[in-house]
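A single chain, nothing else alongside it, follows as structure tokens in the form predicted alone.
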């Protein structure tokens, strides 16, 4: 591995750690009151926000409750109570409101969607903000809707705010790259095992395969540890026996058995041959354990079961600027660590040969 790739690994990881910790979260709505409203009545929606400075908006504040992609109820008055609290006043139209209840793919719609914007805090939204009850029909059939037009948004470098994740959304840059790096390292370990079985006389393949597997499993355990910390905040427990947690633990146990198997043979050729076969089998189990089985059953983990993974609303361009360098950096770091482990194993073998 060239020194330029090593330098790239260090710089990318350092950048992802610093940027992931220092870039602030965007403004987010923590909770609103009341949670229900009736047609034909005034709605005074009081909300508390995170990382907001409402007192500095200089009259540029806009807000609306979108009922569907084309129609909305715009605010008639805004009262700022403090830097992170304000009250929005709406006149809810009478009659049956055209609230979209299902999205195009048949899933639950985000409407009524509260959207706010000002030149200081930027864009903020909250899905299913209130339950709108049908009021008495409008005798004049006049609906006080406003047309949905794009806000004059501003460029603001911040991570998106999600009520469930809050500040822990930063763990995306440290938890997920571990699994990416693990998969790449274990894939290359299996490739070297195949190369060894094709050319047993080249012992370097076995050492390389073992080194890649050891670093890959290390990354896997770090991934489980960071995932447990994330689960404590979002699911309420470090280990809730979710199917994704269980299958990940089983996959790592299968690889731990690989190292136990290697240590049980004194004959180096026999150890290398049997370990290579087992390593290929171990990698083959990763696909169903990590990607197939969790998708077949309900799971709390994003992207598994009926739980959506990060979407364009939360994995935005700012997060991509940190996430992708983190993935590349940890993959390069993994190969660097595997190279060091390979050198150590070669030194051990050389010393054993000298002793005999």
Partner chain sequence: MEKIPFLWSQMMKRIYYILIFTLLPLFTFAQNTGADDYFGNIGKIYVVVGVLMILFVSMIGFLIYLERKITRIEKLFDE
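Note that the structure is predicted; figures quoted are calculated from it, not measured. Numbering follows the first chain given and starts at 1.
The protein also exists as the form predicted in complex with its partner chain; that form is not presented, and the subsequent description refers to it.
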Seminar exercise, completed: Residue within 4.5 Å of its partner chain in the predicted bound form by heavy atom, from 50, 291, 61, 324, is 50
For this session: Quick one: from 125, 87, 285, 226, grab the residue that has a heavy atom within 4.5 Å of its partner chain in the predicted bound form.
Result: 226
Exercise. At 4.5 angstroms, heavy atoms only, are 44, 54 and 134 all close to its partner chain in the predicted bound form?
Worked result: no
Exercise. Going by heavy atoms within 4.5 Å, which of 162-170, 266-274, 87-95, 197-205 lines up against its partner chain in the predicted bound form?
Worked result: 162-170
Exercise. Is residue 219 close to its partner chain in the predicted bound form, meaning a heavy atom pair under 4.5 Å apart or at it?
Worked result: yes
Exercise. At the 4.5 Å heavy atom threshold, is residue 262 in contact with its partner chain in the predicted bound form?
Worked result: no
Exercise. Is there any non-hydrogen atom of residue 151 lying within 4.5 Å of its partner chain in the predicted bound form?
Worked result: no
Exercise. Taking heavy atoms and a 4.5 Å cut-off, does residue 233 contact its partner chain in the predicted bound form?
Worked result: yes
Problem set entry | Those residues of 19-48 which, in the predicted bound form, come within 4.5 Å of its partner chain by heavy atom | 21
